[in-house]
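Only one chain is given next, in structure tokens, and it is the form predicted on its own.
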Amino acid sequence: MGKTIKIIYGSSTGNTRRAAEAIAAKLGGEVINVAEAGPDDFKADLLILGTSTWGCGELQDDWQNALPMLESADLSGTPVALFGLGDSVGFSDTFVNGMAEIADKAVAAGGRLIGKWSSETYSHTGSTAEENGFFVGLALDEDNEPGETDGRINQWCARLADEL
């Protein structure tokens, strides 16, 4: 792509890390664990942010500590793409809610969201990351639909390349 791409993720079980690495394999870029991120890590030509959602819609723990860095970043005009992991069956009403919290902070910091993803094929009943039939970013469900992950990542990465 010829641009500086940073993929910052928070992962408790390794699923979000693996998704971040798969995205990096498709697009290139640097993969950064948010627990080890510094303020300069939020500077890129394309910023991709990933999180899992826990409990009843809570953001992954490491992101809680990193949100102040995201809030204070100058993302003016920076394309920001999001990906989130969740359980669309067990936590059907809060599926990938963590992604929405990060999206709100990125937009408040001046980021321009890209990479919306259709919510049509998921079995969830609600999500704060969904609006008008689309999630704010790529939604993955390793608990119930692990066989869909690679194809979804491939399609989403191609879409991001087109949107840039």
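From 1 onward, residues are counted along the sequence shown. Fair warning: this is a prediction, and the values are worked out from it, not measured in the lab.
Unshown form predicted in complex with a small molecule; subsequent notes refer to it.
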**Fill in**
Note: exactly one of Pro39, Pro68, Gly55, Gly133 sits with a heavy atom within 4.5 Å of the small molecule in the model of the complex, namely Gly55
**Asked** When you measure heavy atoms, are Ser119, Tyr122 and Asp150 every one within 4.5 angstroms of the small molecule in the model of the complex?
**Response** no
**Item:** the small molecule contact in the model of the complex: Gln155, any heavy atom under 4.5 Å
**Value:** no
**Contact test in the model of the complex: Gly14 vs the small molecule, heavy atoms, 4.5 Å** = yes
**Message:** I'd like to know if Glu145 sits close to the small molecule in the model of the complex, meaning any non-hydrogen atom pair within 4.5 angstroms.
**Reply:** no
**Request:** Please run the contact check for Leu85 against the small molecule in the model of the complex: heavy atoms, 4.5 angstroms, yes or no?
**Result:** yes
**Request:** Considering the small molecule in the model of the complex, find the one stretch among 22-30, 40-48, 93-101, 108-116 with heavy atoms no farther than 4.5 Å from it.
**Result:** 93-101
